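Here's a solo chain for you in structure tokens, the form predicted alone.
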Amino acid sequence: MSAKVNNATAANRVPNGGKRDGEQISDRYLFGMLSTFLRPFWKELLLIFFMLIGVTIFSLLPPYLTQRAVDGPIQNGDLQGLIPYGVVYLLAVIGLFILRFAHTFLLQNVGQNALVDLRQALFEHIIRQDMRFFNNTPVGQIVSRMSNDIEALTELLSTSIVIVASNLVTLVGIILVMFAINWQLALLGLAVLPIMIVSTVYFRRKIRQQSDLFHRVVAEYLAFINEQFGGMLVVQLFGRQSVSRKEFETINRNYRDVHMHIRDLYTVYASILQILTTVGLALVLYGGGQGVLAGWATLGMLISFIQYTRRTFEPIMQLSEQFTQIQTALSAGERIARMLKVKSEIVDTDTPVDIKSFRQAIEFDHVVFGYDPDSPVLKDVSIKIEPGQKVAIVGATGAGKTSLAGLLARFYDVQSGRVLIDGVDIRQISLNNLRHYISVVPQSPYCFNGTIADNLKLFDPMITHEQMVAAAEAAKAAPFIERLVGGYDYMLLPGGANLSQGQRQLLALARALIHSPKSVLVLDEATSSVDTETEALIQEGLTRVLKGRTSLIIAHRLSTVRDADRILVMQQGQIVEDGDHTTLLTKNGLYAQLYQRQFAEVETTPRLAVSEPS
């Protein structure tokens, strides 16, 4: 059976009525969420329901046949009369086996296909989030949602729900039949049921709390492992192994303790149910025996009621065995539902504007922005950049340079003011179009596990080999690529660990040229981690690439921005100086001070406004 849900809309099929993030989500909401993914399979579910009815009927027949056989042919000594009961008994057992196998197989298929859609919906929902979400959400937590939590729901829909549904229908059927046969014996057999229900409600709450804590500990465990192995260079460089070992011991013990607590709760709960089951059977034996002697019950009825009572408690015992799994799954579902309820702050407008003739004009109009709304990073910034201008942005760390790049690519939205392209507010442009208009080369580019070609094309089959090579040559990445074994088919490790930082920068630049050949190019410290030779290669490539193209170059090395048309100097979130290299040196202001500080060792005179290094 194939998944029947359109994955493009799957992520939107989350029911209304949930609570705000951070608050507990009700089981009703969780089952409502799951039902949206099960709804496309309603025909199969309807067939499964009728199969469950059949399972219940076949499971109720053996005790009833036993009663009729004991009170009829056996009591009368009619061995020949037992044959029909034996045949029907055998057919009931065979039918029960067939129906149980069929409904279990079909329900597991439905559950697995529904989870394919849920997994797809969760992934699509996460990748649509804005950068604020990824900055504030640990990677380990996201991985835990996509792996452990989904796996818990897999067990629920493929195994636990089969057992629960079958046993609940069987339990209801047994109770109805018991009251239909003899209400007095039924009351005796079910006398302990209220205590079982109270115990179940109590332990449900306790185990649910511990299951939620367990998965938080698992997320913390995964986040710690990811952080430690990802930062192993720092761990070994500073001899931090012993500290890491102690931190892991604490997390590892927490992992064990929570798991043991859940086990202890389940053990107590299962023991209580076992005791109550024994008490229930004892009541039936004693009361039923009195009934047989008094004449208001028959021997066959007593025997059948012992079987019915045992079968009444069997579903409850089987439910208890699934209890921990169900509570763990519901706890996992709560976390998944909460993540599905997270709304991205960066969303497309209902009526996006398409720039028909892209001139590459940029404007920051009285922009105020802060990652924390109470602490603005950019304070009333206004900049107009004409088409084709090469603009450099310099300043101390924390001045707000990278924030400008993030706002231009709309990784974040301004708190007030506007960012415009060709006079259009970027919030009125669809994100897909905007990312074609604006191409950012980050300071720390990421490489995926795959070949050089895969990383340049980003697995887009529409990009030709010739386009890829042309971009690599323009970015001056081709020489080092061709020296690698296999060239463009050279296999990269995750993160590009088998390349230098400078080589990754060159790949990122080539990648930007491939996917956005006519875009505004934003270089965010693109040469900050490269050697002088590689920097010279990048500068040579940029000279051709940036010709006639609007570009923003964020830099610490002032040597890389001397030929810019304009240099914007930022300090504490504001533009304090604006001009070309010569003009700013003449002013002898902040830019001149930064320049003097960087080139003090090669300056021939103390006054930079008069002389500068060649």
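All values derive from a computational prediction rather than experimental measurement. Note that residue numbering follows the sequence shown and begins at 1.
Absent from the display: the form predicted in complex with a small molecule. The rest refers to it.
Exactly one listed residue, out of 397, 416, 464, 349, brings a non-hydrogen atom to within 4.5 Å of the small molecule in the model of the complex: 397. Just one of 104, 167, 210, 443 comes within 4.5 Å of the small molecule in the model of the complex, counting any heavy atom, and that one is 443. In plain terms, the part of the chain that comes close to the small molecule in the model of the complex, with a heavy atom within 4.5 Å, is 370-378 out of 119-127, 370-378, 490-498, 219-227. Contact between residue 135 and the small molecule in the model of the complex is found at the 4.5 Å heavy atom cutoff. Although the partner is absent here, residue 266 sits far enough away that none of its heavy atoms falls within 4.5 Å of the small molecule in the model of the complex. For residue 525, a non-hydrogen atom is located within 4.5 Å of the small molecule in the model of the complex, even though that partner is not displayed. Taking non-hydrogen atoms only, residue 587 never approaches the small molecule to within 4.5 angstroms in the model of the complex.
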